[in-house]
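Here you'll find one protein chain in two forms, each presented separately as structure tokens under the names structure 1 and structure 2.
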Structure 1
Amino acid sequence: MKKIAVCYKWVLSDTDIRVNEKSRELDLEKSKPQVSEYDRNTLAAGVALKAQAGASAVVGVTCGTVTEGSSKDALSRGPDAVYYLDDAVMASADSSTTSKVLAAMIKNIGDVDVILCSEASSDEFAQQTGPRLAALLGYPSVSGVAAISVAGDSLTLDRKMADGTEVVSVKPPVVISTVPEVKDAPIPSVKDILGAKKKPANALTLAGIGLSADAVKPLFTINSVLAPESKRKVVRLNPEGTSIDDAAKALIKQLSTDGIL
């Protein structure tokens, strides 16, 4: 096995996203970027696979805007190096754009024969990048992978299906889309964080990988993102000190009227 590339995404933390109650728009002011939670597991799987298969290296690959800041976090999770592309045009990227840029980056890196992607990112959850990337590179694509093991010159992949597990064998090159169960993601230690500063973080550009801004225009655009409108029916069952017994009877009557009972 040559190099393992793990694609990851630098996303805003969803725990700090708030909703404006009046406009229903998302308030991202307090949300800080982080490696997508799903991608942390995939990075851990890539590091484990390198050790098991004796691959020459495992590298992290990402593209987007302000992705330079992702390097330290990603490198603290075990990769030997990170390659990032930071361009304003990627602010409107869709799965088509992202997979096209990732494919060109991986070709530029060279000697990559196993590519790991999370099944989806924690922000859009489109579930398209892995298969699209495989199509662009001409590699087989295996999705829904919950476990990876090495068997000689092949990989044994356990696919999580709706009604069971499918086990497949494939020889590199291959693009593997993983589910979170593929590997637990440990919290980086202080040693890991300090060691990340000594690892290479390589900046790539669209021109450097042979793409123009026009070549990576998204196929669709997002006009707005609004939280769902929530309307709740409020019925007070104990006005003016109504007894508990009477309130309970009123509740049963109301539930029956609404067709719940």
Structure 2
Amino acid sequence: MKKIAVCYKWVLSDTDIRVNEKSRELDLEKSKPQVSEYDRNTLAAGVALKAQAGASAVVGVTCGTVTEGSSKDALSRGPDAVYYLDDAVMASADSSTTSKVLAAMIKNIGDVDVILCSEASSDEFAQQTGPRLAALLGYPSVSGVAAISVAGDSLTLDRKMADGTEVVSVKPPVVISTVPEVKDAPIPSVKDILGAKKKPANALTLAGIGLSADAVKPLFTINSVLAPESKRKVVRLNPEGTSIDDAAKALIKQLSTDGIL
């Protein structure tokens, strides 16, 4: 087997996203980018597959904005190298443009015959990148993969279905979309993190992979992102001077009016 490429996305951590209670808009200021949770498992699967299949290398591939900062984190998860494309125009990328860029990057890297993507990213969850990438490269696309094993020059893939498992056999080149069960992602150890500094992080540019800025124009625009309407009533039961007893009585009354008690 030649090279394995694992696509990963550098997304904002959702734990620090705050919601403006009035406008329901998201405040992203405090949240920091990280390797998408699902992609950590996929990277682990790629590393395991390299060992099992004796592939020549496993590389991480990403495109987006501020992706340069992703390389150390991604490399600490086991790939031999990463390739990143960091361009401000990618801020408005959608699945169609992302897959176009990834396809061009993978061709540029060369010698890649297994491409792993997570079924979806933890921010957009569009579930399109893997299948689109397969179409653009002209490779078969296998989705929902929960286990990968090597059988001669083929791969045996367990596809997780709603009510069972389908086992398929495929010969690379292939694009595989994985579900998190595919592999647990260990927390990188100190030596993994130190080792990451010594591995190559390669910057690719749109021009370098033969794409114009026009080619990455998104096909749709996002008008708004709003958090679900909060159903909180915001009733204060202990305004100035209310005793605990009275507040407790008021609370019981409120809860029974609302049909909770």
Partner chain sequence: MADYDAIVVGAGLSGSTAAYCMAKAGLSVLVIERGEAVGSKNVTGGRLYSHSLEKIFPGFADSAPVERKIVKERISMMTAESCFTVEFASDRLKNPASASYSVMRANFDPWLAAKAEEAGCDVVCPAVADDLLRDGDKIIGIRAGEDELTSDVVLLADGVNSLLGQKAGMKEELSPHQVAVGCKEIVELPKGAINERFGLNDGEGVAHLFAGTPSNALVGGGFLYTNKDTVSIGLVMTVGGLTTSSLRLPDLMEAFRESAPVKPLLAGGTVVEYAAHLVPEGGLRMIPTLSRDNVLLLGDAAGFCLNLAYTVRGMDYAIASGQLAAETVIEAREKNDFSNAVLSGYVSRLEKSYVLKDMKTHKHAPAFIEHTKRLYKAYPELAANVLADIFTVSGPSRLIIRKTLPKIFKAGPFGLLMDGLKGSRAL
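Between two forms, the rigid core is the largest collection of C-alphas that superpose within 1.5 Å. Because the structure is a prediction, the values reported are computed rather than measured. When a residue number appears, read it as a position in the sequence of structure 1, where counting begins at 1. Residues that one form lacks are left out of the comparison.
Legend: structure 2 corresponds to the form predicted together with the partner chain, while structure 1 does not. Annotation: rigid-body hinge motion between the two structures, rotation of the minor part against the major part equal to 29 degrees.
In this core superposition, Ile244 moves its Cα by 16.7 Å between the two structures. Every Cα shifting by 2 Å or more, across three or more consecutive residues, marks a moved region; comparing between the two structures on the rigid core, the sole such region is 230-261.
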